[in-house]
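Next comes just one chain, in structure tokens: the form predicted alone.
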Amino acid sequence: MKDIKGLLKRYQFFLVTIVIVAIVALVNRSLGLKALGIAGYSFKEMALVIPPVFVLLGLLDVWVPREIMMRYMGEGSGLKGIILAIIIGSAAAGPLYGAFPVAAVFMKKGVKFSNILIFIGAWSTTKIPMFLFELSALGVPFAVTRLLVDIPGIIIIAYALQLVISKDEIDEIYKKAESL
């Protein structure tokens, strides 16, 4: 019984959403079917993205020793860590929700908090395919200007967040990542 209550509490948002969609479908069938179609498409997209991300994370976790990650992206990595975080984030494929499991593995490997934030920022804004599209569709001046504004912005925000968030909170975030 306790396990069932725990599952219901854990998935309460999902269950409430299903009830709401069911009510919408009863009130307006076409809108309800459209909502189900969008949810199905999103689920399919996630089902295609998440497994490869976890396979790559497993390989990263096994093949790359913690000491190497700490040397290149940990405390004291300096500019080298920042550049590596930007390159890895920019080269990544897939939607932003794929960045968070990678960030958790980075935490387990001892990557500096600001470099993890830079990685997530780069994943969300400086992807190479997006940059190439902007070059062709919006022109070189726009694409390069956006990149030249985004990269320093990501770095400034990452370091500002590291200053604002207490050491205890950062340690707690790292502990949660270790338990995953």
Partner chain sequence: MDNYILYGITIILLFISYFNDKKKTKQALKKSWKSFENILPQFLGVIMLMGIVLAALNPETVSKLIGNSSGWIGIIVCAIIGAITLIPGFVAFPMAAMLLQNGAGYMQIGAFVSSLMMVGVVTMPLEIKYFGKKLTIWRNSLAFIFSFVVAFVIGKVVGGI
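Note that the coordinates shown come from a computational prediction; the quantities given were computed from them, not determined experimentally. For the two forms, the rigid core is made up of the largest set of C-alpha atoms that agree within 1.5 Å on superposition. Residue numbers count along the first chain shown, from 1.
In what follows, reference is made to the form predicted together with its partner chain, a form of this protein that is not presented.
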TODO: Using a 4.5 Å heavy atom cut-off, state whether residue 73 contacts its partner chain in the predicted complex.
DONE: no
Open item on the list: Against its partner chain in the predicted complex, would residue 48 count as a contact residue? Criterion: heavy atoms within 4.5 Å.
Closed with: yes
TODO: Verify the contact flag for residue 86: yes if a non-hydrogen atom of it lies within 4.5 Å of a non-hydrogen atom of its partner chain in the predicted complex, no if not.
DONE: no
Open item on the list: Residue-level question: is residue 34 within 4.5 Å of its partner chain in the predicted complex, judged on heavy atoms?
Closed with: yes
- [ ] Taking only heavy atoms into account, state which residues of 44-66 are within 4.5 Å of its partner chain in the predicted complex, ordered by sequence.
- [x] 46, 47, 48, 49, 50, 51, 52, 53, 54, 55, 56, 58, 59, 61, 62, 63
Open item on the list: Tell me whether residue 156 is among the residues that move between the shown form and the other one (Cα shift of 2 angstroms or more, core superposed).
Closed with: no
Open item on the list: So that I can tell if residue 24 moves, could you say whether its C-alpha shifts by at least 2 Å between the shown form and the other one after the core superposition?
Closed with: yes
